[in-house]
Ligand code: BEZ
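Okay, here we've got a single chain as structure tokens, the form predicted alone, with questions on binding and movement later.
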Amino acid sequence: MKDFTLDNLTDVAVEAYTKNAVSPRHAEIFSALIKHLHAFAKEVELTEAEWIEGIQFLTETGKKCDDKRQEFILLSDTLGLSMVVDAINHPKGGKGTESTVLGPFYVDGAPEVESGSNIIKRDIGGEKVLVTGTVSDAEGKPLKGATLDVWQTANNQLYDVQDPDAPEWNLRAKIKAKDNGEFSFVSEKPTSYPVPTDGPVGKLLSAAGRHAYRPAHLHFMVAAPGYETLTTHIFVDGDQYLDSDAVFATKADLVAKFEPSTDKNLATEYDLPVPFSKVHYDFGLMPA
């Protein structure tokens, strides 16, 4: 009979999980996971009370998840893990646009609308913004058949799925770009906002002495046939949280100027009040 001790337990566990693993990749992941978990516990000399607290934290994280909120994604985001995985999986080249986190409030199935549409379903006084740009390949060639899944918070710092008074799909849509890759839509100028702090992730941020704010941004998921789907943001230049994003997702190339405009021709074309804001951004997709 083998004794399981602090000296041999890691090796024994690795062997148990790798010798009959269903694939070499499973074995590789199991081995690394066990080694790092055991090394973490040994390094900090984890107490039983601390480990029970950790288990309770993970349990509460799961309980906070539903069809409108994903606390585990938020946990991954606020620990910086989401951005590490993103950087590993989406290297860029040429004019390929940098990617960033999906976030916990993406909802699949937004209504598809034509370029030039207004995606505001409830007006609560946010500054109107005209968003324009193009979708091209990494060499700058316009892409036909591109779509842009867009979503954002409203002026009250809430996504529609957080706000019981918001109509479904408020500030969400799938924009069909024109055949030359150009797109446009009308929305609200985004504002900085706190990630939810009423769950385990909020307690984690508080324990670390971190603020919960994200810099103002628009979410985009940009797709075209034959190309890798891009998940990214456009951040508002000058936002006070660009250097301390709660989820570590800011990148210099994703910051854009939201400029004031009194262009009456554009205002008439897009049914906008004067003045309004406008921002232009060109997306580049990498081959699939």
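All residue numbers are counted from 1 along the displayed sequence. Values in this document were obtained by computation on a predicted structure and should not be read as measured data.
Beyond the structure shown, there is the form predicted in complex with benzoic acid, which is absent from this document and is the topic of what follows.
The partner is not drawn, yet in the model of the complex one stretch among 30 to 38, 253 to 261, 217 to 225, 57 to 65 has residues with heavy atoms inside 4.5 Å of benzoic acid: 217 to 225. A residue is said to contact a partner when one of its heavy atoms sits within 4.5 Å of a partner heavy atom; Phe185 fails this definition for benzoic acid in the model of the complex, lying far away. With a 4.5 Å cutoff on heavy atoms, Glu71 does not count as touching benzoic acid in the model of the complex; it lies far away. Proximity of Val247 to benzoic acid in the model of the complex: non-hydrogen atoms within 4.5 Å are present.
In the model of the complex, benzoic acid stays beyond 4.5 Å of every heavy atom belonging to Leu148. Site annotation in the model of the complex: the residue of Leu130, Val195, Val161, Leu143 reaching within 4.5 Å of benzoic acid with a heavy atom is Val195. This chain lacks the partner; the member of Pro200, Pro104, Gly181, Gly96 within 4.5 angstroms of benzoic acid in the model of the complex by a non-hydrogen atom is Pro104. Contacts with benzoic acid in the model of the complex, taken as any heavy atom within 4.5 Å, map to no residue of 12 to 42.
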